[in-house]
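Take a look at this one chain, the form predicted on its own, written out in structure tokens.
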């Protein structure tokens, strides 16, 4: 059913038909799978990298100028690449790891490679918001570097880190839709192959509904978690 020869309201009504959702729901679960796995990888590696480039700054807890410069340069290189180019560049890596360059698991590598540098910068930005006075006060009480990181820096910036991770997850959802063009499956694949190429605009509408609901749910969860922490600390 195409908008080219069908009224908008007819296409909109058809987008809620059971046969449409029979195609959409399996793809929605594929998108959720890619998002969850890529988000977990982004959280672990992006967080670790963000902490590393923060503490190794010239004025950081563990200054290491060479490592910091090299890591910063590498992060900037990855962040400068558009999502589609990142997916293409990760094809050889996916083939090396999984033995093939298509499919959900293969595209998860590209999703993570694109979003880990972004989240690392978000973590760095959040940690740099902590005033030097709090760090110096912790040092004056005999706290070691690890204790300062896990007892001062991370707890103080937790709401900001959660909000930043929410942004990263939304970016992963957006990129997972694009990855459908490269054999990843999911909502993006259905939207392009059926909704666009076959002019089944009711399917395209249904794909939009799913993506909007997923993003709204992620954003709501992130905002709620951040607000709960701030309320517990009596900051709002």
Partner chain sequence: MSGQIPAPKGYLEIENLKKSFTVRGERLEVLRGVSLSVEEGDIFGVIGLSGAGKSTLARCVNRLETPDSGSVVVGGVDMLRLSARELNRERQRIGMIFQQFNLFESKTVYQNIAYPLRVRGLRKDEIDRGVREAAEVVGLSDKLPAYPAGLSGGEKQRVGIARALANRPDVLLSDEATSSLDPRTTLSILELLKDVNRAFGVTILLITHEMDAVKYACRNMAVLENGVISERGVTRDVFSNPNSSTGKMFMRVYAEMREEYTEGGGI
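Numbering follows the first chain given and starts at 1. Only a predicted model underlies this, so the values are computations on that prediction, with no experimental measurement involved.
What follows is about the form predicted in complex with the partner chain, which we do not show.
Taking the partner from elsewhere, residue 140 is found to have a heavy atom lying within 4.5 Å of the partner chain in the predicted bound form. Heavy atoms of residue 134 reach within 4.5 Å of the partner chain in the predicted bound form, making it an interface residue.
Contact between residue 144 and the partner chain in the predicted bound form is found at the 4.5 Å heavy atom cutoff. Contact between residue 99 and the partner chain in the predicted bound form is not found at the 4.5 Å heavy atom cutoff.
Though the partner chain is absent from this view, in the predicted bound form it lies within 4.5 Å of a heavy atom of just one residue from 128, 71, 89, 152, which is 152. Only one segment in the set 108 to 116, 76 to 84, 91 to 99, 144 to 152 has any non-hydrogen atom within 4.5 angstroms of the partner chain in the predicted bound form, and it is 144 to 152.
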